[in-house]
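What follows is a single chain, given as structure tokens, in the form predicted on its own.
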């Protein structure tokens, strides 16, 4: 019994010290991790938007119980050129997929980027990050495109052996199209 109490005491002390060290490391690195995440989001926005001088803070919209973040982009400090739209889907094969879609003021897509952190299958579903897949989402009218994969009767090619991942991305973009159409006037007023 005495040995058991010593063991329990030792393990408790180790857990307390380990927990304190983890909390210290988390506190010391949380701000830097957040800064890196924000830099990645800004880089993705710059990649999908038409030429611009500045990007304003995101306008958060909710549509069909989903959240979208529309960041307006300007040229010459006052001329709206489009939006960088951050959104996600949990319908991927490996779980959540976060994305950034560019949209010009005429309602044409200007690019799509899959943000870091997805857990799609390497070599299969992870091909959603490749340019050969993403280029299909560029230069398309947001509201006049059937954003389903061809297997489901839509306009978008799916990745062979990764239909779930392809479908998740295409369906998420379709949801963005619906949100954009439903909130187009709100977005214009928000600027």
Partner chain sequence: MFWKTFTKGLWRENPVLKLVLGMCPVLAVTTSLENALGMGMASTFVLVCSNTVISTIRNIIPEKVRIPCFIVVIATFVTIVDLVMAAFVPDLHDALGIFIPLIVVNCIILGRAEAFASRHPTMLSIVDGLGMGAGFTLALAALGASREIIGSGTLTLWNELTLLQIPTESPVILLILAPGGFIMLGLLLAGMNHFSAWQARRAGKAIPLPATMDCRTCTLCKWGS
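Residue numbers count along the first chain shown, from 1. If you superpose the two forms and keep the largest set of C-alpha atoms that fall within 1.5 Å, you have the rigid core. This one's a predicted model, so the numbers in the text were calculated from it and none came from an experiment.
The form predicted in complex with the partner chain is left out here; the points below concern that form.
Heavy atoms of no residue among 71, 80 and 91 are located within 4.5 Å of the partner chain in the model of the complex.
Looking at 151-159, 132-140, 26-34, 58-66, the stretch with residues near the partner chain in the model of the complex, meaning non-hydrogen atoms within 4.5 angstroms, turns out to be 26-34. Proximity of residue 52 to the partner chain in the model of the complex: non-hydrogen atoms within 4.5 Å are absent; the residue sits far from the partner. Contact check for residue 182: every heavy atom lies farther than 4.5 Å from the partner chain in the model of the complex. Along 7-28, residues 7, 10, 11, 14, 15, 18, 21, 22, 25, 26 each place a heavy atom within 4.5 Å of the partner chain in the model of the complex. With the core superposed, residue 57 shows a C-alpha displacement below 2 Å between the shown form and the other one. In the core-superposed comparison between the shown form and the other one, residue 161 has its Cα shifted by less than 2 Å.
Compared with the form shown here, the Cα atoms of residue 19 and residue 118 sit 3 Å or more farther apart in the model of the complex. In comparison with the shown form, the Cα-Cα distance of residue 118 and residue 30 increases by at least 3 angstroms in the model of the complex.
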